[in-house]
Structures are given as C-alpha cells and as structure tokens.
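We've got the same protein chain twice here, in two forms, each standing alone as structure tokens: structure 1 and structure 2.
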Structure 1
C-alpha cells in the first residue's frame, strides 16, 4: 500500500491574511472566468488556490460573497484608473484621450477581470446590479462634472453626455476585446477618443 502523502502536501504555505486573500481572489477569478458563476464550485477554487476548503471558507463564507468581493476589487481598480485619467491633465482633449486609453488598457491587461465585471452570468443579481450601476453612475458623473465646469451646459445635460461618453468607452472597448487581433490598442483607443472629442468639443466653453 502506498505511503505517499496525499494531495494536501502540495497546498500553499501559510501566508499573512492579506496575501492569502489576494491569492484566493486570483484563483476565484480563474475559475469564475472559465466556468461562470453558476458553473464554478468552491472545491475548484480551493484546488486552484492549493488550499483546503476550510481555509477558503475562513476568508469567504460563501461562493456569492467571494464573487462580490472579487467584483468589488476589480471595480475599485477600474474606478481608480478612470479618476487618475480624468485628473491627469487640465486639457480636455487629452482628458478624453487618457480616459479612453485607460479603459482599453484595463481590458488589455486583464480581459478576465473585464469579463467578470461586465459579462457576468450573475448580472441580474440585485447586489451585482447595484454595484455595476454605482460604478457606471460614478464614472459618468465624474465626466459630467468636467463637462459642466468647462461649458455652459446645466448639470442634468452634462450628466447625459457623461453617460454617453462612458458608454462609448465601454461598448467600443468590449468590441475591441473581441477583435483585438485586427487593431492595435493605440489605434483603437485613439480612434474612439477622436470621435468623442469631435462631439464634445462642439459645445461652447464657459467664459
């Protein structure tokens, strides 16, 4: 009879709590991206992370809580990228370019994270939907504040334009993700930023 140690021997070593949490989130992203939320199992996530299920449950009591934590993490990353891009210059043409480029780079760097955020099979879950809406609203309102400060448009109109520009970034970037082999990221993001700027620059500047 074999006396070889069981698979538990390949489990990852003890890590500080924050590092372990990051490791588990990374493993969860792999499993959710490959199988979707409903097709993913906590067993698979534990195996991918090379930890026992009790260790996984110590950090995340359920698959849903794990998914929401992962979603929060990636939305926070994308939100920070958008804020950094908007604040990177006082030149509005360059702002548009920076926002589009940042959005495309987020997708290019980690398309699994983007699919998790915007193509989830859990998108109709109230908690997931509210997180996505909060992100979309915050992104659009950040753009709207810049528009309102730089034009004579009232805030309600600037918010509509902000939503439109945010939607342009998301829809075009998702399309580019599916066809990225045909168009370099520099060309794609520049094309969309030029389209956006030609529209928004037509509005009068505030004296």
Structure 2
C-alpha cells in the first residue's frame, strides 16, 4: 500500500473491495490506537487511509462498527495466541510460563493492537465491555483451571486467583512495554511468571 502523500483531488487508485477494507482497518487501527475512540475523527481515519469519508461508510455502517470490527479482529488473534500457549504443554508451571511469554510477545509485536484492546476509552459501550469481559473471563478461567488442578482450592477461590494473575500479566506487560529496554523480554516475562508460579505452587500448604 502506497502511503506517499497523494496530490489534492487526485483519486485514490481503485482497489478490490477486500483489499480496500483491510487498508481501512489498518488506517483505523493507527488512528484509534493513537487517539482513542473519542479522540479519533472519521476525517482523520479517511485522511490516514487516503480516501474520502464516504468510502469508509461503504465498508462500515458507522464509526462504532468500524471500531468493533477492529476489536474483534485483534481479540481473535490474542485468544488464539493464549490458546496455543496453554496447549503447548501439560506441565502447569510451563503453562504459566508460556502464557506469560505469549502475552509479552503479543504486546511487543503490536503495541497498537494492545492499546486498542487494553486501553480502550469506549469501555462504557455495552458491546465493547462484553467483548473485553469475554476475553478476560476466558483468560482468567484458563488460569483458574491450572490453579484448581495444582492446588485443590475450590473453584470460587481459584477464579479470584485466576483474575489476579491475569491482572498481573496485563499490568506488568504494559509497564514493561513503557519502560522497554530496561529488561529483555525473556527476563521480564520469566520473572513475572516465576512470581506467579511461586504464588500458586504453595497453595494450600503454608510454610
């Protein structure tokens, strides 16, 4: 996709529908990630994509639908990464490590997507809230199952701890990204997963 500045009044070259849609999503991701939903104008997205606004409305019924399409796409990617990491081993300690590593890698690879997902300013929208909650619940429940298997804690308590560890992953990974370079990704994700594992592995026995 050429992103060279396009002369005024020169039309954007025609693209097949699917390619145009993908390009619009890419432009939208840039603008939403940089400015948030509320700080982004459809004018800005059109400008970034080097098309006019009606082109956006040809592919997406509204600004909100555009945002939801993007969110869905990136949540699907992340869910797949988490699922792969969880299924990569049957050893619980290695599972926690793999999940933490996958999380950090997702964030290192695509900080725009991570901002879209984890720093949304549209969380009061029910459709956005439900998508994020679905993801968070699935993630935390997967961890809760590991905890319940390893500790014999009742599920209610394992759920709370699952959320705790999911929170640990999310917040620490964002912090690591913001201070990037202080610690290599291997060291950072390993450190946090060791903290997590040590916390888990001593339940319910207590020193």
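For the two forms, the rigid core is made up of the largest set of C-alpha atoms that agree within 1.5 Å on superposition. Since we're looking at a predicted model, the values are computed, not measured. Numbering follows the first chain given and starts at 1.
- The form predicted on its own is represented by structure 1; structure 2 is the other form.
- Annotation for residue 64: C-alpha shift under 2 angstroms between structures 1 and 2, rigid core superposed.
- Taking 2 Å as the criterion, residue 48 counts as shifted between structures 1 and 2: its C-alpha moves by at least this amount when the rigid core is aligned.
- Core-aligned CA deviation for residue 151 between structures 1 and 2: 2 Å or greater.
- On a core-based overlay, residue 20 has a Cα shift of 3.7 Å between structures 1 and 2.
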